[in-house]
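Let's start with one chain on its own, the form predicted on its own, as structure tokens.
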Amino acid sequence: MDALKSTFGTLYKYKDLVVQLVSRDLKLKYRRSFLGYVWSVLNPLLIMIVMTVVFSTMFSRNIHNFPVYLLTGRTLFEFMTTSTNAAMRSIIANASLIKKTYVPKYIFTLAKVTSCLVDFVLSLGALLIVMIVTRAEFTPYFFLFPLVVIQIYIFCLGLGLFLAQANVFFRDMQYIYKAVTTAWMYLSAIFYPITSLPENLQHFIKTYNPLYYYIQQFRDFIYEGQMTEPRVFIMGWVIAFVTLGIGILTFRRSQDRFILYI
């Protein structure tokens, strides 16, 4: 408990630095870009159009309003991969600053995940546009989607902390993780209905794929317009905080040795 209080106290002390790092990441991403932040909306729209054309003949006949179905899964998965990949490189990328002055090292990982969260929130504008164009039904459950955003943010922060410390000691981690996320995408029912899979594979995904709980909640609130199952909702929070706990624990145990490897 004392360690947790100390962590939050330090975070509050360096809150201005976190804001500056997040702002820097966003400015660097869109520097010299003609459309700037509009790309946060335009990029998922373009990807959705391409994927809709590619997969429409295979899956859309079995899925009502395929563009919304696709985008609700794609936006969450894109946030997860983008934020965790950025977090994984956060310590290595700031090695020179870490060597020169004392700054809590987790600040850099937190800033990367948070900047990706801001970008993700902006990209939800694309989902809103698609829902309006396709005349999707808006229900009161739509306004519950921030609960899913909070859950997946906590999950990505925990996973990002774990990957960040692992990447300091094992630089091959970034290549391994790329292969893992590729397989993860195909096992997350992003562009196909999970009911099209064999029952044993459905059970595997619903049991061992953390993203299933976030994508399912997101689709229930936005796409289906209904309350998600209590088990899915509860497990989403449990997985998020367990992952965060593992990330904090592994990061704190190894952070003192970072200086020897960066």
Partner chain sequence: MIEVNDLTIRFNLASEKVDNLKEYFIKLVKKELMFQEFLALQHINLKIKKGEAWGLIGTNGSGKSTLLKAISGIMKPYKGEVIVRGEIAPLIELGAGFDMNLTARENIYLNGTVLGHSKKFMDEHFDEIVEFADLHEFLDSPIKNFSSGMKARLGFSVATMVNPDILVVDEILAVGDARFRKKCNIRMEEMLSGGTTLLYVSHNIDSVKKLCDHAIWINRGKTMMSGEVNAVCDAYMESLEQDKK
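Positions refer to the first chain, counted from 1. Remember, predicted model here, so these are calculated numbers, not experimental data.
One more form of this protein, predicted in complex with its partner chain, exists but is not displayed; see below.
- Out of the listed residues Val103, Ile150, Leu124, Ala93, Val103 is the one that sits within 4.5 Å of its partner chain in the predicted complex by at least one heavy atom.
- With the partner omitted here, the residue from Leu11, Val242, Leu17, Ile248 that has a non-hydrogen atom within 4.5 angstroms of its partner chain in the predicted complex is Leu17.
- In the predicted complex, its partner chain sits within 4.5 Å of a heavy atom of Lys99.
- Although the partner is absent here, Arg24 sits close enough that one of its heavy atoms falls within 4.5 Å of its partner chain in the predicted complex.
- Contact annotation: Ile234 falls outside 4.5 Å of its partner chain in the predicted complex, judged by heavy atom distances.
- Contact between Leu201 and its partner chain in the predicted complex is not found at the 4.5 Å heavy atom cutoff.
- In the predicted complex, no residue of the candidate spot (Ile132, Glu137 and Ile205) has a heavy atom lying within 4.5 Å of its partner chain.
- Within 4.5 angstroms of its partner chain in the predicted complex, the stretch 228-262 places a non-hydrogen atom from each of Asp256, Ile259, Leu260, Tyr261, taken in sequence order.
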